[in-house]
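Shown below, as structure tokens, is a lone chain in the form predicted on its own; questions about how it binds or moves come after it.
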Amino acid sequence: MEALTKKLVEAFGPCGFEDEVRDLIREEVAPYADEIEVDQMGNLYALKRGDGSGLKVAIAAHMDEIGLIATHITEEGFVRFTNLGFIIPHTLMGARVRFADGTLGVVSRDKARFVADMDKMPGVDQHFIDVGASSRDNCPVKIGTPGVIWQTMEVQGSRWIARCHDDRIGCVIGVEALKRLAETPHDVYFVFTVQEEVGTRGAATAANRIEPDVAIAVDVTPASDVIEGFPMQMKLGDGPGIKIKDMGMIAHQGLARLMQRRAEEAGIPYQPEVLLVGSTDARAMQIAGPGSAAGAISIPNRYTHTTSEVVDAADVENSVRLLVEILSKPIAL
């Protein structure tokens, strides 16, 4: 899984521009899926058919990452931009940007404001990108060109460091679970969604199309095992989180209890999760169409929405094991 993770986290895929990631995932799942489809919005569906005795289940992981998009080129050739998804402005100064065509740039900040507002959070609009141009005419980046903060994946022991574990690591878990799922009573739709970071848009489309009985998002959650971390009990290496509640949804408690029971039966460590900020694709799937019993498997992740997110390999493996345990057996809520 480490090699697949590196492949996906180093792929280009900001919100609304997930094509490269989708192509890589499609290649991975093709030998294991009974059907593969891509809808008009760009969601990728990999269906694993069951034996007819189970439910219709959707597993969602989003392909998009937070990014940016060029809004204006100055006369001097610098690129002004706005965000695609929630960017923390403090992470921008000095960061490298890769645009869709491969152009690289460096983010800096308006110096006059920098000195005056040293103790304040600068807005995205107070930054610009230097791509080596000397004028508007020779700037290789055009208005509307998307970009991402560029970092390669690094490994330190069991810790994997990358710019967009949110949510490429969820995609890795979905791909690996499909590969390991030999038999299931359920019709399982592994859905790799678009535009989660701008409002769970792809998941809403997918759920309206599938109308699943059960929907499970696989996404990251903030790890609190750092200095002055979030006041929630979520640690790297202690197992996947099983969602109870977040800001956008209250998980189906029957599903949450079943997920905990499957983990305990298989000896898989887990952590009950109450997330204080944000939500996941599960929110959209819970309320789309006729609604579904929705929940989430959450991978503890340090420094979410920064240029260097950190997960633990054991949590990734145990998330795959838990998902396979859930999908390979009856789901009675």
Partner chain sequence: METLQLLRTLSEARGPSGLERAATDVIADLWQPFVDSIAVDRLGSLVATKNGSGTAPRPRLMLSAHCDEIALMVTDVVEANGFGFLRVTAVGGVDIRHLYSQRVVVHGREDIPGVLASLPTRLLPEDRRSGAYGFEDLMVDVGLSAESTRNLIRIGDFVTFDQHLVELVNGRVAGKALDNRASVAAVTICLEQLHGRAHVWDVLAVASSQEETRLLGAATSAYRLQPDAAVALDVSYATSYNAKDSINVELGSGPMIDQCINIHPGINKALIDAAKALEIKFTHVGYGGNSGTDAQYIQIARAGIPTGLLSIPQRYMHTMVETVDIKDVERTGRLLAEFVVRLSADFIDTISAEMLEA
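Positions refer to the first chain, counted from 1. The structure displayed is predicted, hence computed values, not measured ones.
Unshown form predicted in complex with its partner chain; subsequent notes refer to it.
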{"query": "Its partner chain contact at Gln260 in the predicted bound form, heavy atom, 4.5 Å", "finding": "yes"}
{"query": "Residue contact check: Ile250 to its partner chain in the predicted bound form, 4.5 Å heavy atom", "finding": "yes"}
{"query": "Non-hydrogen atom contact Arg302 with its partner chain in the predicted bound form at 4.5 angstroms", "finding": "no"}
{"query": "Close approach of Asp130 to its partner chain in the predicted bound form, 4.5 Å, heavy atom", "finding": "no"}
{"query": "Its partner chain in the predicted bound form reached by all of Lys245, Glu264 and Gly291, non-hydrogen atom within 4.5 Å", "finding": "yes"}
{"query": "Per-stretch contact check against its partner chain in the predicted bound form, the hit in 269-277, 27-35, 46-54, 304-312 (non-hydrogen atom, 4.5 angstroms)", "finding": "269-277"}
{"query": "Glu154, Glu211, Asp101, Asp225 - the one with a heavy atom within 4.5 Å of its partner chain in the predicted bound form", "finding": "Glu211"}
{"query": "Any residue of 128-152 that, in the predicted bound form, places a heavy atom within 4.5 Å of its partner chain", "finding": "none"}
